[in-house]
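In the form predicted alone, a lone chain appears below as structure tokens.
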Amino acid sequence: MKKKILMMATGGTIASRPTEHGLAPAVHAEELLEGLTDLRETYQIDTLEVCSIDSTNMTWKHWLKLAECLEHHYQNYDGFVICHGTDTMAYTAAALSYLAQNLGKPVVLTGSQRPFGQQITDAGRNLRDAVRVAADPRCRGVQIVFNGQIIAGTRAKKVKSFSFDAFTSINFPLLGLVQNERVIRYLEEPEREGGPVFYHNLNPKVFLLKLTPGMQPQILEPVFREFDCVIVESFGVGGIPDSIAQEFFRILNRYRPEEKILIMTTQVTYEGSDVNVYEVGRRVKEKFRFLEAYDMTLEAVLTKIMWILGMGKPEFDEVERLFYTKVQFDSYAPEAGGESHEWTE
């Protein structure tokens, strides 16, 4: 019996055609399968048009819609492929990892760096690979398949603008490869008791504050007033610079930890954060309760806290517990069972 795969289309480069204003999504899901007749000889592939947008326009509402579609069709298919633009694919993969947990089936995101209709394109290869992974019973949970690599949904990041090897796995090994039409697994998501768990809410009131040298403090007041969580993307292993420290601490003193969630992370792609290393980090830790991203990707940090706060406004202890509970390979933080780092000079 053929494996049943549902291919969900959202637009993106893979579904784009040239217009007088540049590339824009215009290709339907069924058209993407034209020329890949061998796939339909091997698998039963149904299609679903979820939306048709440039992934720059992807929002939390689209993530909820995708999760809703997965939940609605989950029992009827062996696996799922989501065709998605590359620019925000890592965010969508991370969001779905939190919205659709404990999956016993694969949910595979893929796309391309060049449109499907071009003479030289990576679209066909990526689609073939994604379908094969979606039909593999060893593959469970959300993952990105791109350029032959299988990457955990909570560990992916786009690192190249034009090259076909656009994605990499951050602070975590690849889950596997697709080579010569074979799926080679290195790591597998362990089977869990019980069935899938789907969530239906996200809180979008999360702000990413990217620090720059000499940043002025005027930005802080409106940010903390309007948002329920502020993620501070700091330098190096993490800390608050003198230029904003006084105002930063003054504002935080107004709120209980659960009223304004503070998360410290780093602008450095690899090896993560550790605010204990330098004085600029320790002075924050001595004054306030906050969460630290450690080795998590920014995409995972952002979407995980949106998922947690989407449950309401839990006390800080509960927010902390959920944030440090590992979901599909997303964290090796000390509280989640990993090891912290200590540096001395």
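Remember, predicted model here, so these are calculated numbers, not experimental data. Numbering starts at 1 and runs along the sequence shown.
A second form of this protein, the form predicted in complex with a small molecule, is not displayed here; the remarks below concern that form.
Partner proximity in the predicted bound form, defined as non-hydrogen atoms within 4.5 angstroms of the small molecule, places exactly one of 30-38, 54-62, 309-317, 292-300 at the interface: 54-62.
Contact with the small molecule in the predicted bound form, defined as a heavy atom within 4.5 Å, holds for exactly one of E71, D78, D87, D228, namely D87. Looking at Q113, you'd find a heavy atom of it within 4.5 angstroms of the small molecule in the predicted bound form.
Among heavy atoms of Q328, none comes within 4.5 Å of the small molecule in the predicted bound form.
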